[in-house]
Structure formats: C-alpha cells, structure tokens
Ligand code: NOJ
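Next up: just one chain, as structure tokens, the form predicted alone.
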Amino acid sequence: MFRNLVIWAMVLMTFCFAVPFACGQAKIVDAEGHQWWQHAVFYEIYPRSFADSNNDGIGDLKGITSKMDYLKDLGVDAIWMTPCYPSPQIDFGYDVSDYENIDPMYGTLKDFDRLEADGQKRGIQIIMDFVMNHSSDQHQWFIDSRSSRTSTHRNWYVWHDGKGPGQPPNNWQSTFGHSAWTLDPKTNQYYYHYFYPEQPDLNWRNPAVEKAMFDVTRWWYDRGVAGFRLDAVDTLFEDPDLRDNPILPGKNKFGDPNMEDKYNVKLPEVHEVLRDLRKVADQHNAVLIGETWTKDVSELKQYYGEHSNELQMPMDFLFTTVNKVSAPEFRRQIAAVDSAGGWPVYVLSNHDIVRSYNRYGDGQHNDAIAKLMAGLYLSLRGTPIMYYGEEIGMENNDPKRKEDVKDPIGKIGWPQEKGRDGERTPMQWTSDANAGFTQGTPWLPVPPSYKTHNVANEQQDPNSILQFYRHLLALRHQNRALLDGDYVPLNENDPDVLSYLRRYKDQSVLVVLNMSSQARTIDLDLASKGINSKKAQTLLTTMGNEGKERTLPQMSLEPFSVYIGELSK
C-alpha cells in the first residue's frame, strides 16, 4: 500500500509540475521559465454540438460542464469555446450582438460562472473566442451607427459614399461571396463587411473602438477567462484610400472574379493592435491564440512579434494544408515551424476545416491513420489544439441536398461549396439515438459512423482511437522530453517513415511514424546525431506484439504504425 501511495504521489508531483493550474497553484511559469500554455493541451468545443442538457437539439454551457470529467480524464488542460455570446446566429455566433453576455440558447452568465468554476477545480482553463473584426448588425453600436450620419457610433464602423448611383466605393469582395459593401438606404452610404452583410466591420482606426474592445477582454478576464482565440485578426484594417484590389484570372466558387485581397487584409496596423492587446493579456497572465492564415512560415513569424510581444500562440494552419499522409511534407513543415523562433502551435482540423479523419483516411486504414496523426501532432515540440471528436475518429457528415444546408456559405455557393456543416455535427457520446447528444432533434444530423465511433464504445475498447489519445496525452504530460525537448529529425530522406527525437538534457525520446500502407524496416541514423544507444524502452505504440524493449538501430514497422520509446543510456 505504501509503495502505491509513493508512486501516486510522484505522478501527482509530475503532473502539477507540468500543468501548474491543475493543482490550484497561482504559478505562472515553471522553474525553467515555461508558461502554463506551453505545457497545456487545448481542445476546441463548438458549443452547439458538444452536449445538450435540455434536449432542445442544441448544445449548451450546462452540457459542456457535465462533460468536464471526460475532458479531464482525456488529458485536456484548456478548452476554447467558439462564440456563445448573444447573436442572431447568421454565422452561428460569429455575429455578436452583445460581447458581455451569454446567448440564451446556451444558458446564462451564471451557467458560464459554474462552467469556469468547475473547470478550475479540474485544472481546465477557459478560452473564449473573441470576434474582433466585426459585430452583428443587431449590436447596439451598429443600430446607433446606421441611425444617422452624425450618430455617436457612426465612426465605429466603416462607412463611405459610393462611386456613383448603385456603385459601391470599390471592388472589394466579401470572403463569403459578392460585394463587401452594402448600401444602407436610411443614410444613403455603404458600410463595409468582409464577411456577411449582417457582420459590419468595426473601424479599428477609431480609438474609441479599440478601447471598447480591449475593455471587453478585461471584463472576461475578471470573470476568470484565461485567454482568447482571436477571430479573423488579419482583416481588422482596410486601406483608407479604398484602392481597388487586383483582379486575378478565373472565378471563385461564388462566381465572382478571383481577387488578391491586397488592400483589405494583412495591413501592418494589425500588429500594432496585437501588441497593445498583448499588454492587456499580460496584465492578466492570459494567452492569445491567433487565427493566423499565412502563406509561409516567415509570415507566421510576424505574429509572434519582433520582441515576442504579440501572439503567444499563432496557429500554424500550414500544417492543415498537407492534406495527405506524407512523411516528406510533414517533415518540411515541422522543420520550418520549429526553427521559426516562436512556440509552435499545431492544428489538424477545426470548425472551418474538413475533419482530419476524412482528409487523411484512405477508406481502409482510417482508424490506424487517426492514431498516426495523433502520434504526430501530440508528440511535437509545441502546443496542440485538438478539435472535439478528433479523439474518437469523428468524420464529416456533409449535406447531400441544398435544402439541408444550414451554413450560409453552403447556401450561397452550392454545389461547389457545401459549407461547413459536415465538420460541425454533434459529438458522438454513445450508440444510442442521436449519438447520445440529445433526446430532441439535433440541429445537425450525426453520421452513421456514430454507431461504432463514440465515447462509450471506445472507452471499452483498449485498442480504440480514444484510448490511444488518452495514453498519449498522459505520456505527454509526464515526460519532460515530450514537454520541453528539442526536435531532432532522423532519416530525413526517407519517403515513408517520419522519425525524430525529442531530446531534453540527457533524456531522448524516439518517435517513429510509418506513413505508408506497407510494412517497413528502417535503420535509424542515431549515430549521426551523436547517440550510441542500442535499445529503447517502449513508452507507447500501436503495434500489437511490441515488447517492453526494442533493439536499435534497426526497426520493423507495421503499416501506419506509431512507435514512441525512450532511448537507453
């Protein structure tokens, strides 16, 4: 009994060291200067789809709270919730009508406080989604803004005269299709909206807007929020001279001319706002996560700030552009991001991206590939952001008919654009009706795969995707090399096998990922890295007959397999 108590005490000390908030400490950095978010695993929740507590078919805050133990057992340290503020729901919450409240469909501020408190008890931080670029057209600011050209909030949004009768100010297009300008007949001026007409852009050149929005973050910080995911940060500013964007050959999925968003996206003023927003975050020991779509790593580096004074966690969406299981492609992406100077942030999918199970699956080895991808992005140096359901192998359930589409993008662009409903379907908890998400009618239908891929079933299966995630996340929290070790690539010319070391002081963890459908035998080039180890202690693997120890440097691998082991000294 005493021996077991000692073991559990050691495990608890290790876990508290890795994730200070989990043990109720106010500790912000560890002994080596690592921030809490560097050791955390983040988990994105789409509130409409996670858990429905009142059986109206829509998920809610009480539903999320009821699943906190599940998240803790999984190994999650922070949840990022997509917007749950009051909203007309034109863009499912990304059109905010009140930044300091909760939409009644999700509950109340009291429900939020309970969620936050229950999260704190379990060492789970709450990250809110901050829609900075625009508000809803039903927000009181915009209602006042459009009331008159001299209203108090007129200059809180981007208003301009047209070029002429029926002609918008310039040729800018909405990312959701057609002109980015809408004429408001009451004042006979156009207002600008990078997204839907119901999402007018805020005028960030107005200091009053900046102050009001920064105060919103302070309000939530005081309520216990540990940070924000910043939505659409690239679109905060527009060229004040309203120069036309360059037209490119061809047309887009909405039938509009292709266009380079030269004068209304990624203007340098964005970084000034991020630096100031970071100052507010630092006062509250909070983290800022960026929705940062970039063309390359050099552009991604800019979002960290020249003096690491902008975003702590700009998301690496370049990782998601590798839409096939490819050792050379992932090796190239990892090397670039790892050398960028900031702390890497890895994402496989989210509420705007087709689920990773579909993107990487080959139709035959999908479960093995799902474990393979977990073995990849959860073993790298950096912070991972999971997407709900990834851990059970949820797949897309795209609408088959236009009349079934809920996402306005799909309605506008059908059939070339089917929208994002497919990746936003309800979480699959059980094999019961509606995947155990609700006893009502779910707002989106669940895919047939819920019968096999659900939490209840996979909890009972030792070889399930869920169990692999749990073991891997537990290992990640407890192993110092996986938390803080350097990334050292191995066998860099291998076309099928991605292998690397995570090296911390005198500890080295070996990660080997067979990204092919064929069995492979490789010779690891450990000697070239100055390592003479001849054996590895197996920590985690998907290969069924693997022993506790593996002889090196030769290694045999099953198709789409994962091997993680600690090199013997």
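Counting begins at 1, following the sequence as shown. Everything quoted here is computed from the prediction, not taken from an experiment.
This next part talks about the form predicted together with this ligand, which is not shown.
Checked against this ligand in the predicted complex, the residues H139, K371, H453, R229 give one hit for a heavy atom within 4.5 Å, which is R229.
With the partner omitted from this view, the residue of R355, R381, H193, R424 that lies near this ligand in the predicted complex is R424 [heavy atom within 4.5 Å]. Of the candidate stretches 321 to 329, 243 to 251, 475 to 483, 88 to 96, only 88 to 96 contains residues with a heavy atom within 4.5 Å of this ligand in the predicted complex.
When contacts are judged by a 4.5 Å heavy atom cut-off, S464 does not count as touching this ligand in the predicted complex. Using a 4.5 angstroms threshold between heavy atoms, E291 counts as touching this ligand in the predicted complex. At a distance threshold of 4.5 angstroms between non-hydrogen atoms, Q199 is in contact with this ligand in the predicted complex.
Interface membership of R359, defined by any non-hydrogen atom within 4.5 Å of this ligand in the predicted complex, is ruled out. In the predicted complex, H134 is the single residue of 133 to 162 with at least one heavy atom within 4.5 Å of this ligand.
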